[in-house]
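Next comes just one chain, in structure tokens: the form predicted on its own.
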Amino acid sequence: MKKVLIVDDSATLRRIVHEALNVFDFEIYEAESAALAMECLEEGPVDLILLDWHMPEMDGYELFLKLKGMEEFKNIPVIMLTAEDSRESMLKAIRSGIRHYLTKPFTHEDLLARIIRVLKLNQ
């Protein structure tokens, strides 16, 4: 069973994403901050992280850079979910190694298609 971590400070968005993921047989974890995401990751590996860019304290971009610098987490695929749709931000993300970027608002179908592509799932 694949394990997915949703990291977003918005409970509403976490719920929406969680509902979208119900079509898969995933074990789903949620964290409302980067610190809680790190705690969750320390309890065991996940197969995918869905990560919000804008969060208080440490944003998703900073968390991504931190994870990529840690041997045990650097290969976990990350889909950045963000309202940040400026060209500069997208280029910054790509240059940093973020390969999967989905701007809000997105549809369940867009999210599921991206997850299928990233995890190479068969449906």
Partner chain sequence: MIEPLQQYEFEKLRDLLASVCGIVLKADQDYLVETRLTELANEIGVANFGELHRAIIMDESLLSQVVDLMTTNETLWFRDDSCWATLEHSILPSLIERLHQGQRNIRIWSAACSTGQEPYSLVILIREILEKQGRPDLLNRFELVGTDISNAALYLAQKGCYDPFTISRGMPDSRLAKHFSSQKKVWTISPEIRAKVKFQAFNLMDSFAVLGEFDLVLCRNVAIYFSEQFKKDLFRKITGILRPESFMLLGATESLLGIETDFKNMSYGNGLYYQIGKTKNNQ
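Positions refer to the first chain, counted from 1. Note that the coordinates shown come from a computational prediction; the quantities given were computed from them, not determined experimentally.
Unshown form predicted in complex with its partner chain; subsequent notes refer to it.
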{"query": "K2, L5 and V46 each touching its partner chain in the predicted complex (heavy atom, 4.5 Å)", "finding": "no"}
{"query": "R114, heavy atom within 4.5 angstroms of its partner chain in the predicted complex", "finding": "yes"}
{"query": "Its partner chain contact in the predicted complex: H100, any heavy atom under 4.5 Å", "finding": "yes"}
{"query": "Touches its partner chain in the predicted complex: A35 (any heavy atom, 4.5 Å)", "finding": "no"}
{"query": "Distance check, K104 to its partner chain in the predicted complex, heavy atom within 4.5 Å", "finding": "no"}
{"query": "Partner contacts for 21 to 44, taking its partner chain in the predicted complex and a 4.5 Å heavy atom cut-off", "finding": "N22, V23, F24"}
